[in-house]
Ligand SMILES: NC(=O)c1ccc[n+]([C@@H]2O[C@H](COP(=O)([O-])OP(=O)(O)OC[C@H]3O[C@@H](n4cnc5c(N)ncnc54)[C@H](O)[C@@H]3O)[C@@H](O)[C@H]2O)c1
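The form predicted on its own is given below as one chain in structure tokens.
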């Protein structure tokens, strides 16, 4: 598993970690792969000059393609050639798409280079930088090609994370809420209280995420350790809220964390509805009721929803999907659900056009 470190300033990271002989992170033997928006930040511009091997990437799902992969490795070969060797380290600075892409490259180039993640978004800091998943997309379907390749280290830099607009914290809170539902430990009460009180202040969520990050990451890694390569099904619980969340993300193009949050409300509603089989039905909801106006903005058409659900990796057969059911805070289970019942519920409850 990755080692976790938190620092306040990017300059602290350079002084403490990037000198020769310190933790093996030598600018002369590292390839810096960095989000173009992050590279424009004043504090980053000076810092990254220490790296002669650096690639500025345009973040987004379009980056995660076989075409981008080919262009990247061909650039390395043609521009750097014999100056590279297999003891190089890839340092990925960016959000989820940069981390996924850089992680995939690291996992296969020369059959594996060392990898360090420095997430620059709250969403990546909460989720994608941890657990070792890398991925590329194919024909619009997310994460169809990938590997399990944990970074040797994940470094959280508060200065870098807080350089985002504060609103990004609100967009990321779906992953925070997911882990609070899965873990149910004392730290999750702060998340529950803020949600129930309807807190909308972006700065509040930003501060809450930073304080909870160590507990969130630890909770996720406890799940990952039980099923590091998704072989026994236990890791599937980390997909709580993602089944319908991925439908919204692919159809609407909204931020992942926002779609996961809506996906959590979707499953919370479904398992208290008459469309759910009696054996799985709960008597009350765990999350606050979602307003009809929010649902109206998040509606998708039935055909698009069916197409996306049919490509869900947790689909058990043509007529069913596997949903993660929250039973209580800190208790979930996997449930096989009829696809038709799920779509009928979505239509009846205002999730479909």
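Because the structure is a prediction, the values reported are computed rather than measured. Numbering follows the first chain given and starts at 1.
Same protein, other form: the form predicted together with the ligand, not shown, and the subject of what follows.
Check: Considering the ligand in the model of the complex, which of 96, 184, 146, 228 comes within 4.5 Å of it through any heavy atom?
Finding: Going through each option in turn, the one that passes is 96.
Margin query: If the cut-off is 4.5 angstroms on heavy atoms, which of these, 212, 237, 224, 163, is the one near the ligand in the model of the complex?
Written below: After the contact test, the surviving option is 163.
Next item on the list: Considering only heavy atoms, tell me if residue 38 and the ligand come within 4.5 Å of each other in the model of the complex.
Entry: Residue-level check for residue 38: yes, a contact with the ligand.
Margin query: Please determine whether residue 128 contacts the ligand in the model of the complex, using a 4.5 Å cut-off between heavy atoms.
Written below: Residue 128: yes, in contact with the ligand in the model of the complex.
Checklist line | Heavy atom of residue 220 within 4.5 Å of the ligand in the model of the complex | finding: Within the cut-off, so yes.
Next item on the list: Look up in the model of the complex whether residue 100 has a non-hydrogen atom within 4.5 angstroms of the ligand, and give yes or no.
Entry: Residue 100: contacts the ligand in the model of the complex.
Notebook entry, point to check: Should the three residues 59, 123 and 142 be counted as contacting the ligand in the model of the complex, with contact defined as a heavy atom within 4.5 Å for each?
Noted result: The answer is yes: all three residues contact the partner (heavy atom, 4.5 Å cut-off).
Next item on the list: Using a 4.5 Å heavy atom cut-off, indicate which stretch of 113-121, 186-194, 265-273, 203-211 touches the ligand in the model of the complex.
Entry: Only one stretch qualifies here: 113-121.
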